[in-house]
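This document starts with one chain, in the form predicted on its own, laid out as structure tokens.
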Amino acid sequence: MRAVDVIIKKREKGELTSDELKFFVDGFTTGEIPDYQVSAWAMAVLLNGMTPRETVALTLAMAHSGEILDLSDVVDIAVDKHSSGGVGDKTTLVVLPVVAACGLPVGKMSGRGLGFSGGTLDKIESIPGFRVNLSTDEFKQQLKDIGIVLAGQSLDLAPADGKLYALRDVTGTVQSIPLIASSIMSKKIAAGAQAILLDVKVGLGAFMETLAEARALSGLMVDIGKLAGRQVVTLLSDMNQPLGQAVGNTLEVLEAVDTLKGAGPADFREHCLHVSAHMLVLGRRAPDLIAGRRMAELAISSGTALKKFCLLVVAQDGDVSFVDDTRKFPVAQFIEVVKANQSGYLAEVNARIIGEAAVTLGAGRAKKGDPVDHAVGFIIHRKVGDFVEKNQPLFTIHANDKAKQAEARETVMSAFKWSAQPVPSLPLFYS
């Protein structure tokens, strides 16, 4: 069997067998199949798709390319959550400490920025010293000791996906539904999750721009979970405009901490409470969503969620004084408030344009291995449906480069579309 034959077969819209996919995944994992061949194969998958059978076979091959973590000796039920990627989505930073404070241990392996979407690891590393690379033993021990872990994907767990994840980001193959589904589910299966909550983003700032695409992805991941013996619940949430106000690593951490302290933007807080309630039901800590929401609200109002977040930071060597006093975080050199150049109702706040502009500022990666500037990004002051008066603040730029600041100003201004007539606000979730 040759790698080029697998590429050609998929290029010609053939259905790959389980053996062919296992051969290809194993070869990529060991380095016998180089990046350029995998890039060609990924593009063929993006253009021609995969059958459900192929996608399941790919998922299991990636999950079994390394160790399969068993958490049954640490927790009674291992619950995980995953977002399919969005702009301003710092939900994990709030939901994990909230549900952990409610007595549901949660150990999450997260990723870095992918395309125009921010990565949870890039965000949490804004806290000086925070260590995301944990061994399997460290991961399990911390989960047992304090009931919360937020780490990078272990090299021992689904290593094929770790390599493919980075490659997709820089080869224009992020949007493939089979590759997204297999990436997410292989990690969750390998990480020992018995129950999985999937937050599938929908809209201009998501990899799934339409409800039909999002439902297809959700259904595929539920099917994969069933075949692998896992319970999977999916939520469809809006990503036409950024979630919350902050877009950028440190800025999003600040917003998450504010939310844990009982403040934060209303839409972001509501999103976190809804996701937390679902996780608490999934993890058998709440009998229904109403009770789960009450538990989540109490975790925030009582301060126990914030304390759990601080325990997480300390456990992973982060400087918790930055959480106690957020004024210690470094700020960008150039901060500019951009005002509305007209009055009217906002009909669109294009999340993709804003996410891509954040990458241009340095908040994400244009190519594999690029450094990330944690201080840069945007604060988006207005939402779809808002009436904005001329000269009111529209967004704030945090930049460390004058030329990039000027480019970002023009780009983000184009993300706002106006209407003379009232415009309904966007839903947070879709049924």
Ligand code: URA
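Computed from a prediction, not measured in an experiment: that's the story for all the values here. Residue numbers here begin at 1 and follow the sequence given.
Although it is not shown, the form predicted in complex with this ligand is what the next lines describe.
Participant: Within 4.5 Å of this ligand in the predicted bound form, heavy atoms considered, which of K201, K187, K81, H278?
Facilitator: Comparing distances to this ligand in the predicted bound form, the residue within 4.5 Å is K187.
Participant: If the cut-off is 4.5 angstroms on heavy atoms, which of these, S183, N350, S237, T92, is the one near this ligand in the predicted bound form?
Facilitator: The residue from S183, N350, S237, T92 that makes the contact is S183.
Participant: According to a 4.5 angstroms non-hydrogen atom cut-off, is F207 in contact with this ligand in the predicted bound form?
Facilitator: Yes, F207 is a contact residue.
Participant: With heavy atoms only and a cut-off of 4.5 Å, decide whether L179 touches this ligand in the predicted bound form.
Facilitator: Result yes; L179 sits at the interface with this ligand in the predicted bound form.
Participant: Is there a heavy atom of H271 lying 4.5 Å or less from a heavy atom of this ligand in the predicted bound form?
Facilitator: Residue-level check for H271: no, no contact with this ligand.
Participant: Any chance K308 has a heavy atom within 4.5 Å of this ligand in the predicted bound form?
Facilitator: K308: no contact with this ligand in the predicted bound form.
Participant: Within 4.5 Å, heavy atoms only, one stretch in 98-106, 252-260, 129-137, 82-90 touches this ligand in the predicted bound form. Which?
Facilitator: Checking each option against the 4.5 Å cut-off leaves 82-90.
Participant: Select from 298-333 the residues with a non-hydrogen atom within 4.5 Å of this ligand in the predicted bound form and write them out in sequence order.
Facilitator: If the 4.5 Å heavy-atom criterion is applied to this ligand in the predicted bound form, 298-333 yields nothing.
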